[in-house]
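What follows is a single chain, given as structure tokens, in the form predicted on its own.
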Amino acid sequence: MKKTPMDTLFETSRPGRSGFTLPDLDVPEVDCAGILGTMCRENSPRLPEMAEVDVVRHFTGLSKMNFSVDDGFYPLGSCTMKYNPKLNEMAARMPGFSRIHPLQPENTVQGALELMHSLGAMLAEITGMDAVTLQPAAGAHGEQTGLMLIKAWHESRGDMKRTKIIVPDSAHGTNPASASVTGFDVVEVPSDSEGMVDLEALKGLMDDTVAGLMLTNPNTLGIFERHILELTETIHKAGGLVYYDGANANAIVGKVRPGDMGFDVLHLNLHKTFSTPHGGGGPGAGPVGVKAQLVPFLPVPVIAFKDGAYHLEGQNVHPKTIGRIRSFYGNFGVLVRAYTYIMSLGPDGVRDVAEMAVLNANYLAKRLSALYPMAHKGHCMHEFVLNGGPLKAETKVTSLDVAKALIDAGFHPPTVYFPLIVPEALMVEPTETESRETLDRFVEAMETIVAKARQEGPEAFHDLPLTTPVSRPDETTAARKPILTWQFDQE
């Protein structure tokens, strides 16, 4: 049954209605202009006028329109949208964690500082790094931080000509963007026939201008780079450093460590691998781990334990630091969730995460390969990419059509059209938290969709989904001409 689109708060507003009553002003009025000057508002804000019950029902209705992992299977490839234990949510909401302020004196937040200090040590152990900063707000922020560290290291040695960062053609889109924003020139290296970095092509790019390589491993095709040690050695021989994009760490935690593979710096997405629901754009955390040679450049403040207490150390103690990378120290609630997650699982449980994620992915890949050809043959890691090109050639039903049909079947669609090197790509990541029964239902839904495509053709898909308030939005116009605020001239 198709849901009815909701009116906005501005459309349901009626003059004179109110959801609250403020007490009479019992302090002297202050001249706003005398304090804020030209920033003082000249007119009252045009806020909706509604009763409390209508406001509550509006936002409750909006929440029911969202699809979350608590509603059903969310196989969004490379995003690791997995179920996260509610225990971790409870921990993050404890008053001692949720009601503190970043400007409190250090002696009043010793528990919070200890948690972050311990979490950094645990993440360093899991990744094989020598130190970790928890400050970056998300994955791309972690990428930029890591690249700033690489740049600072080269410049500290007087090696100013190292301006190139090599990025594989299967990399996350944020990799070349982060390198460019940090001031590097981006050089692309192609994949070989097996979906891994073309080692010979990489060697051909080596010279004394290479600052480093950014590598996602397992890559976006769900493949572990078999030549990983040779890749890192190639960069090191050329005088560069190697960056590990840990967005796909859900496949390797507890099994292998990037630090043991020769990587110098990495970031992790705590909101993917370490238990924070991150749909809707946040919150996130992108801790960065480094080897010893990069430790002096880590951003300040640095949490240190001295004289029986935890302290935040600044640039006076760490003169080579790249400085502050954000206003305060990390998205603390995300850090609490990650700490709780790791402590509750323990070493064996963390290892189980990777093993079950890889098992689920290979089970699903095996079953779905009967419907779609795999982008690359062989075993995958935590995710895999299907090629929807043959189905489109046969039936004119696209991967986007398949994604829309899955919504009506009760599933969130997988990632479509990424990576760009696979035509009509469908990237699926089941994660470790889904049961075999759920995976089987997903396969059955995909089988039904393929059968429908062959029997009824593309016309049967043009209006899908039918169970959502909006069926097929004009995504191109929405991206190029977004309307982000209410236009009062509509009244």
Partner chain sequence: MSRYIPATEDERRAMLEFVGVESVDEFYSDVPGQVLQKELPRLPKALSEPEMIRHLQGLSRRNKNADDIPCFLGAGAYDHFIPAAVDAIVSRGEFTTSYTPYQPEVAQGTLQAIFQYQTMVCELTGMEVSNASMYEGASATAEAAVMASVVSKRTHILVAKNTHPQTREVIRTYCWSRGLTCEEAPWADGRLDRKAAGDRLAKGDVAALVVQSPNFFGVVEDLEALGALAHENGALFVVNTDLLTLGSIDAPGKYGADIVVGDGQSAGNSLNFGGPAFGFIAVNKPLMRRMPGRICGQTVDREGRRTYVLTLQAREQHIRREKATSNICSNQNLCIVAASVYLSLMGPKGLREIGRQIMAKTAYAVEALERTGKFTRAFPKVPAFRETVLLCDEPVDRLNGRLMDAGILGGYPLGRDYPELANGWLLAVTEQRTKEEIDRLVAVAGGDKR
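Residue numbers count along the first chain shown, from 1. If you're wondering where the values come from, they're calculated on a predicted model, not measured in any experiment. Basically, rigid core = biggest C-alpha set you can superpose within 1.5 Å across the two forms.
Omitted from view is the form predicted together with the partner chain, to which the following refers.
Though the partner chain is absent from this view, in the model of the complex it lies within 4.5 Å of a heavy atom of just one residue from 206, 409, 201, 100, which is 100. A heavy atom within 4.5 Å of the partner chain in the model of the complex is found for one listed residue only; from 157, 379, 306, 161, this is 379. Contact between residue 451 and the partner chain in the model of the complex is not found at the 4.5 Å heavy atom cutoff. When contacts are judged by a 4.5 Å heavy atom cut-off, residue 324 counts as touching the partner chain in the model of the complex. Taking non-hydrogen atoms only, residue 420 approaches the partner chain to within 4.5 angstroms in the model of the complex. Contact check for residue 93: a non-hydrogen atom falls within 4.5 Å of the partner chain in the model of the complex. Shown alone, this chain has one stretch from 239 to 247, 288 to 296, 383 to 391, 121 to 129 that lies within 4.5 Å of the partner chain in the model of the complex by heavy atoms: 121 to 129.
Annotated contacts: 266, 398 and 444 are all free of the partner chain in the model of the complex [non-hydrogen atom within 4.5 angstroms]. If you take 439 to 472 and check each residue for a heavy atom within 4.5 Å of the partner chain in the model of the complex, you get 439, 462, 463, 465, 468, 469, 470, 471, 472, in sequence order.
Once the rigid core is overlaid between this form and the one not shown, residue 437 does not reach a Cα shift of 2 Å, moving by less than that.
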